[in-house]
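Shown next as structure tokens: one chain only, the form predicted alone.
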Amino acid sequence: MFRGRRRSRVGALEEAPPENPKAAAEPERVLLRGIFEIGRESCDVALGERALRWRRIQPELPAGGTRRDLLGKEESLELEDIFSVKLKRRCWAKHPGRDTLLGITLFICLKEQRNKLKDSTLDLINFSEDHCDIWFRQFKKILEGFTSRPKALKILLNPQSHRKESVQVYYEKVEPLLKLAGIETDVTITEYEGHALSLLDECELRGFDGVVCVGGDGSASEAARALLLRAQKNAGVEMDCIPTLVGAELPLGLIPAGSTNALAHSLFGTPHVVTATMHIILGHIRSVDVCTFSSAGKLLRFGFSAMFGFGGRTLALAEKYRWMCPSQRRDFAVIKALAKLKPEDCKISFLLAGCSQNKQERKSQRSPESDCGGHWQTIQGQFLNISIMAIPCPCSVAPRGFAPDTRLHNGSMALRIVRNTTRSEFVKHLKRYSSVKNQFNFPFVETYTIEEVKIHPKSNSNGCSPQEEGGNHTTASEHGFPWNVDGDLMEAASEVHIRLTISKMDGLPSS
């Protein structure tokens, strides 16, 4: 951590002199050069076009001493890691308005651990008003040159995420950093499921550089759907025919505040709130593949991952016990679903990745079963679970991810098929997710890398009825098949077609 302390007085700053032949040979041009105190040490500081560099100035030895280099080891800071700059002043309580200039404080982003970021400061101590002003204005000019960084954000805050801690997380950890970076925010607290959909359909987004969702996977998925649906509406796209859709007009940022945070894990490698915030502040944009879910030719929703069978039934059960804390609700639903474990009789048709024909030829195809070069495959039988993942989906219960070989924007999905087997073998498969071993190394598990897939259930064998689990409930129907899509329950009574219609949706966070 770089931190300066105010102590001895240091020399005044000067504009950088003309570059000498040695400096001219270096690729980076020096903009300013002067003396600052950094960490109680006087340093020769040079501000270049890409980095701030400094060397500790060592005192000269007495006459007769051994000759040595008067400059210490060079240290540096990349300018792209600076997200704010302020003049450092000492304020006097007894004499308001008569503060004393101490120097300049740089607010910086540092890598703390693997994938984790943290905010820190670097103090450049100097008492000269004129020269500090020169450096301060130069730093401000440099920061204004990072045009990819957001200046105004629309914040969607889900107060019900996880243990209802998202409001506290935002106002205590996120908002102070956004304000420090000079980012204007407009915060809306969502009041019900689907509020983000209606809000982003109607609200004015001109003037914003992005939308940030504070919540879990379900909240982020809903915000992504809202932005994509808005883009189709603005482009005049007819949604019933599922054409090639257009991408979102604004990037989406995510502050993880849910129970699993699989999307945040996939993006950042960690659900660390400050890490996500720093990526947004620094304007890191990353492409993420997005799937469309359709049935009978009509769009159902967008999403990043889905589970059918055991995964869908488990979520349907968990939704009936929302009064439990998330971890208890999840464990209870898993145990109950295992007790009623039954396979789904269905047909699976899929197109292997990298084997598809050009888009125009594929549009002329009437069905996956038609002759298209032999790349479509069909499997029929009884399956305990089917998962389709466009992102790796690591989380606390699956550190390597539910699809560890998948990438965020490789234009393909991972299809995992678990055929019917004994309950004990299926439990072994589930337990393997929490280990570092290959969780798919079972004879009843099949894995494919695909671009499209159709899941066609033959009969409703949910293993539980609405009456059995507490009467009529909006999250489970007698004739619908439950799907777990990004942690949200989706019901479909017939075949569901999943494909990467929209590839590379831009998102603010990056890893």
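Residue numbers here begin at 1 and follow the sequence given. Owing to the predicted nature of the structure, the values given are computational and were not obtained by experimental measurement.
As for the form predicted together with a small molecule, it is not shown, yet the points below apply to it.
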So which of H375, R330, H284, H429 gets a non-hydrogen atom within 4.5 Å of the small molecule in the predicted bound form?
-> R330
With the partner omitted here, the residue among G182, G381, G247, P159 that in the predicted bound form has a heavy atom within 4.5 Å of the small molecule is P159
Proximity of T277 to the small molecule in the predicted bound form, heavy atoms at 4.5 Å = no
Would G253 count as a contact of the small molecule in the predicted bound form, using a 4.5 angstroms cut-off between non-hydrogen atoms?
-> no
Although the small molecule is absent from this view, report whether G194 comes within 4.5 Å of it in the predicted bound form, heavy atoms only.
-> yes
Would you please decide whether S305 lies within 4.5 angstroms of the small molecule in the predicted bound form, comparing each non-hydrogen atom pair?
-> no
Looking at 123-131, 305-313, 169-177, 215-223, which one sits within 4.5 Å of the small molecule in the predicted bound form if you count heavy atoms only?
-> 215-223
